[in-house]
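Given as structure tokens, the chain that follows is alone and in the form predicted on its own.
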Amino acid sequence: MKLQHYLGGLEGLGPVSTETRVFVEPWETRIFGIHTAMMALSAQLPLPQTPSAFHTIWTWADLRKGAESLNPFDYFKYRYYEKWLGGISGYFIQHGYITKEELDALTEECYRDPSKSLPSAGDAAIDDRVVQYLVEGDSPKRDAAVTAEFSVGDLVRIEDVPSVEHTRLPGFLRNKTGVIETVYPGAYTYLCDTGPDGIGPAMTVYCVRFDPNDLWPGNAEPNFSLYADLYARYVASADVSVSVKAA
């Protein structure tokens, strides 16, 4: 979640799209289907074993990293599923499923003849696996013994972690203070290791309550709070000076 993915508190960004359709064009449904099939074939779940040429791991994190690698100006230029298409295409090239030249040639072929039939495929076992994945999902909760460092009511400071490829920490919460509202029982992981960002092994997740006036001084509406679910890696003890000021 880099700048273009979490815009809380920023102003002057122009008109906001009010598009409510999930899919604007028919090809977007195909991109969603490809992504879902890749997820189902990657999932570490007790799913039916199926033969497939897809042999690597694809997660939501891979999809998000593909979008977040875009220049912010390009990010705002493309629609939602256009960014999905770019991320999936880049992944297939990176992992050797297709070369850039082959993809470019196929793209030009489709431009020349938009009515050309798309490749057909079908495997009942893979279809069943995808459907089962959609029904069961993939929970981030893990059976790991962890001890929560903080308790409900504790004043905490949000870390400013180094983010290289992907982070789950909104930019507007970095270096801010809040109060622990909920300590979720159990331990939770993420779809991938985020490297220097610090999300890897399963850990505690907290719900932290923030005063919007602390986040956006002089520019927040009264009488409401902002809540964020945050991995323990992002939550630290508030220093004495901050604690006294907040008290």
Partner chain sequence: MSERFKYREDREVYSAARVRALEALLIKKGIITDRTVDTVLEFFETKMGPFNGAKIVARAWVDPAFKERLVADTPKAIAELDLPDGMAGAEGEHMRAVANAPGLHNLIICTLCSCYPWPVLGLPPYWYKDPTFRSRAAREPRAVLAEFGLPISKDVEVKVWDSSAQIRWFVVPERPAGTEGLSETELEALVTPEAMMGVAVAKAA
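Numbering follows the first chain given and starts at 1. Whichever C-alpha set is largest while still superposing within 1.5 Å between the two forms counts as the rigid core. All figures in this text were calculated on a predicted structure; none of them were measured in a lab.
Not on display, but discussed next: the form predicted in complex with its partner chain.
Candidate site formed by 66, 154 and 197: none of these residues places a non-hydrogen atom within 4.5 angstroms of its partner chain in the model of the complex. Proximity of residue 238 to its partner chain in the model of the complex: non-hydrogen atoms within 4.5 Å are absent; the residue sits far from the partner.
When its partner chain is considered in the model of the complex, residue 120 lines it closely, a heavy atom lying within 4.5 Å. Among heavy atoms of residue 203, none comes within 4.5 Å of its partner chain in the model of the complex. Although the partner is absent here, residue 107 is a contact residue: one of its heavy atoms lies within 4.5 angstroms of its partner chain in the model of the complex. Counting a residue when any of its non-hydrogen atoms is within 4.5 Å of its partner chain in the model of the complex, the hits in 180 to 209 run 181, 182, 184, 188, 189, 190, 191, 205, 207.
Comparing the forms between this form and the one not shown, the C-alpha position of residue 71 differs by less than 2 angstroms, with the core used for superposition.
Annotation for residue 147: C-alpha shift under 2 angstroms between this form and the one not shown, rigid core superposed. Relative to the superposed core, residue 107 undergoes a Cα shift of 2 Å or more between this form and the one not shown.
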